[in-house]
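Before any questions on binding or motion, here is one chain by itself as structure tokens, the form predicted on its own.
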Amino acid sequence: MKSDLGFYDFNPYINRPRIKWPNGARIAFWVAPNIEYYELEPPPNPTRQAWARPLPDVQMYSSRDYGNRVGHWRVMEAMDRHGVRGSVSLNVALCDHHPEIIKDCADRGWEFYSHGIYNTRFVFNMDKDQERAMIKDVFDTVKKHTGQTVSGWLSPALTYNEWTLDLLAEAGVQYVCDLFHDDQPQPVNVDNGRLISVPYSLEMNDIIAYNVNQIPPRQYLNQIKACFDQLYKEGAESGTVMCIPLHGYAVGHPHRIAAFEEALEYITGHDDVWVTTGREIAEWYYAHNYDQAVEHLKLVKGA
């Protein structure tokens, strides 16, 4: 039996090498719209069902479709008004299903990183060759439709195998978002190459807030502000990261969008905030902090 995932090393929040973001920013702030495609009747997976209700689950399918038809556009326009670029957590099949959405994101200079092919197809029960082929499909599809090379990864429906991180590093992925263990980027243990985690918060995720915790929009706004205030305070000593993960079918509803936009206004109204993307955070960290962090972890493990 394993007592530890082994994906990363224990690294106490205190006494780490200091992170300095561009222009002395305290906090790197990024927004990750999940732009997803859910199949009505996906291929079955023996480990996990795609839908909780019997098929065809018209209610849940159409609810998610609302995000691509309506909610996404509200989210995009709110972000435009506050100068916030998105890092799109993309089910890459959307490139074929809804190329209009992809074009509008690309025209704005948004980043595209991977959230698998469909959110209804999991990596559970894939062997290494199957998962490697899926990763290649993702890279090829994003390159074809956007001209971008995938830098980041959030596994479809947050599903994993023990070898997933090694395959991602092998393919050239720079950062992953599935490790919810820190408020700063951290090195990830892989067999070959380099890989880091970039903080992506389940606590700030609109799906967790609205569908799981069932909180009202004003409370979600206050939660985002409280998170920002604490990380902004700590960032005076060493740079922190804050991410707001979004879904058009959650935050994009008419009664919720104003609270999200007020949160953007609050955060971007502060000085010393680096409004950025997941890729830019990873690139800066590799260039200025990664080697120091690796050496520090050796000392921590030795102690």
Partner chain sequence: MAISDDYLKYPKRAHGMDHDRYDWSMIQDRPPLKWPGDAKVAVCVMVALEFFPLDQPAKPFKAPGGMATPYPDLRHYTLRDYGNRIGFYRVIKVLDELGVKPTVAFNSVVAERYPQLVDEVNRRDGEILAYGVDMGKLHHGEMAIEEEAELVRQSVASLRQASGQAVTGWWSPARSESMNTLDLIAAEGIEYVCDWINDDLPYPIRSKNGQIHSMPISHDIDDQTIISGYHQSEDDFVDQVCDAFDIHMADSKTHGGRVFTLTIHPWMSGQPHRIKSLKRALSHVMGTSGVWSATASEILDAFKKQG
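Nothing here was measured: the structure is a model prediction, and the numbers come from that model. Residue numbers count along the first chain shown, from 1.
There is another form of the same protein, the form predicted together with the partner chain; it is not shown, and what comes next is about it.
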Legend entry - Residue (of E170, D178, D137, D182) lying close to the partner chain in the predicted bound form, criterion heavy atoms within 4.5 Å: D137
Inset, instruction - Taking 4.5 Å between heavy atoms as the contact cutoff, choose which of V84, I101, M204, L154 touches the partner chain in the predicted bound form. - result: I101
Legend entry - Among 193-201, 128-136, 170-178, 224-232, the region lying within 4.5 Å of the partner chain in the predicted bound form by heavy atom distance: 128-136
Legend entry - in the predicted bound form, W110 touching the partner chain (heavy atom, 4.5 Å): no
Legend entry - Partner proximity in the predicted bound form: D96 to the partner chain, non-hydrogen atom cutoff 4.5 Å: yes
Inset, instruction - Examine E41 and determine whether its closest non-hydrogen atom to the partner chain in the predicted bound form is within 4.5 angstroms. - result: yes
Inset, instruction - Mark T141 yes when one of its heavy atoms lies within 4.5 Å of a heavy atom of the partner chain in the predicted bound form, and no otherwise. - result: yes
Inset, instruction - Given the partner chain in the predicted bound form, answer whether the residues Y37, P54 and T120 all have a heavy atom inside 4.5 Å of it. - result: yes
Legend entry - in the predicted bound form: members of 233-260 within 4.5 Å of the partner chain, any heavy atom: H253, P254, H255, R256, I257
